[in-house]
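Just the one chain here, the form predicted on its own, laid out as structure tokens.
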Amino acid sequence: MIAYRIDRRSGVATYLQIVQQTRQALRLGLLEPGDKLPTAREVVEATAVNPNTVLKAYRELEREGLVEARRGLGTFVRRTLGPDADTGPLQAELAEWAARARKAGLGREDVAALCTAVLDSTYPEGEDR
């Protein structure tokens, strides 16, 4: 099950953080079709956000066709965003690179900036694959 982390200093709306973290979990294969998302109450208890914020995020995910609400049962994943290829070896290489970057003294924001720069040069504007 996914555990949401809310960064109140990020400047990103709380509901969008929930949507983005859910999308990321779908991309990484941490959530798969049929998996149940935490209830709004569980998210509220874990993150201290307003229940309406959680419901707004879940409605957005439902509008995108990623999840579906089943009355009385909860909210379930409909489809994944993950690639068809096995990304395990790539993830392992990236984890090793991130560990080297940290050991070299780079902070999280430094690494994020490097990754963004590389992604921007590798994937032209508007191209996803």
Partner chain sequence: MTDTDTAIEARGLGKRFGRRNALDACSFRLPAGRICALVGPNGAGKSTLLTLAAGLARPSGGELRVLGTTPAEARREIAYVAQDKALFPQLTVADTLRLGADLNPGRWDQEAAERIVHGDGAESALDPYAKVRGLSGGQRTRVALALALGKRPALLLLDEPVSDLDPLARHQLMGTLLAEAAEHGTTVVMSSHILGELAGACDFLLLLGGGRVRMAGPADDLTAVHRLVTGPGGAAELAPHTVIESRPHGRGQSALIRPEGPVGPGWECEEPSLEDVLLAHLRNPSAPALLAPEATVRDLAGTGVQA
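On a predicted model such as this, the values are computed, not experimentally measured, just so you know. Whichever C-alpha set is largest while still superposing within 1.5 Å between the two forms counts as the rigid core. Positions refer to the first chain, counted from 1.
Although not depicted, the form predicted in complex with the partner chain is the subject of the following passage.
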Mind checking whether each of 41, 44 and 48 has a heavy atom within 4.5 Å of the partner chain in the predicted bound form? yes
Among the candidate residues 36, 78, 56, 27, which is the single one with a non-hydrogen atom no more than 4.5 Å from the partner chain in the predicted bound form? 56
Partner contacts in the predicted bound form for 1-35 (non-hydrogen atom within 4.5 angstroms of the partner chain): 8, 9
If we fit on the core, is the Cα of residue 16 displaced 2 Å or more between the shown form and the other one? no
Classify the change in Cα distance between residue 118 and residue 29 in the predicted bound form as closer or farther, relative to the shown form (magnitude of 3 Å or more). farther
Looking in the predicted bound form, decide if the C-alpha atoms of residue 13 and residue 118 are closer or farther than in the form shown; they differ by 3 Å or more. closer
